[in-house]
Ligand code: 5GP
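Given as structure tokens, the chain that follows is alone and in the form predicted alone.
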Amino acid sequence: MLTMNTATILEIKKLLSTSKKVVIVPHKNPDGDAMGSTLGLCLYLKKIGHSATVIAPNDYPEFLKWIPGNKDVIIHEMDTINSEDLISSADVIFTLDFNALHRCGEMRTPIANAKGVKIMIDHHQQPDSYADYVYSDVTMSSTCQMVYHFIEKMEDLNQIDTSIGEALYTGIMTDTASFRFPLTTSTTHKVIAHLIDIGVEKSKIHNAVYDTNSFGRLQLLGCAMSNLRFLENHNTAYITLTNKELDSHGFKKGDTEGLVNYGLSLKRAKLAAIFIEHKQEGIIKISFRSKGSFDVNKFARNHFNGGGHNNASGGRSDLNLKDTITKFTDLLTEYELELNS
């Protein structure tokens, strides 16, 4: 944990005391917490007099495009020259919801080469050392909650309006799975209470994120449930989705979001995974979830080129889908005691 001490905050306050050109970057394939935190911070910085721009590495799901400030987001892979001009000329670059530059894909090199001051705000484990200032706290529910506390450290909570609040609420809600994950603390609820008090409509946000499914997405959910398997000897559930199954249901970015949690909802399940075939990228994308003390961050780091949090992480495999499943199920024997304790 690298929380910002008083001296660091004073330095950042001084840095931001005059108008700056600021770029704010989420990770590749940004989710609700990534877009909520970047847009919330962007709106705050604009409000206090900075020229701020969110540049996302690639596109993100439609169900996040209602968030205030979304219309001004620049997508790097669609507008590369403009994006990299903004990065190279920025006075300050914030990187949010990731702590290793490879997580922002093709933006890695221009950010590494940029001369602007770099500030990381993130809640994932084992941060890299590329940033000049690091606010890292793995006990936080979400990066959106960290942005709230960053604004609080800047003594600017009065600047949080409904638009900023809606952005931050979105990320806290999605990254806590609607406030049920273990890192949802009493402080998280106090933050949420404040956002509601300033006018954030929680049901509006929940509906915008979770109740705008396409017919194809619900059909894909049915397909995923048909593919669900439960390994009773290891208290483990997993789901597979092939490229053909994605195509046949008109897959769009975000359609597989949250599907892994269905596996974890099974009685006795302590570990859940979803394996998604992406032939264009030549990889299998993987999400892991766990209950209790089983550390999927360590599991993903050790075996599947990934990482994240103790109970929620991601990974990838360069093997084909069948061989990836074989590798996964074979590995479970090494963790039999943990999964059956």
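Heads up: residue numbers just count along the shown sequence, starting at 1. Given the structure is predicted, the values throughout are model-derived calculations rather than measurements.
Unshown form predicted together with the ligand; subsequent notes refer to it.
- Contact between Q145 and the ligand in the predicted bound form is not found at the 4.5 Å heavy atom cutoff.
- Among residues of the shown chain, N302 is not one whose heavy atoms approach the ligand to within 4.5 Å in the predicted bound form.
- Put simply, S290 is far from the ligand in the predicted bound form: not one heavy atom of it is within 4.5 Å.
- The closest non-hydrogen atom of N99 lies within 4.5 Å of the ligand in the predicted bound form.
- Note on the partner interface in the predicted bound form: the residue among G308, P61, P57, P68 having a heavy atom within 4.5 angstroms of the ligand is G308.
- With contact defined as any non-hydrogen atom lying within 4.5 angstroms of the ligand in the predicted bound form, the contacting residues in 307-325 are G307, G308, H309, A312, S313, G314, G315, given in sequence order.
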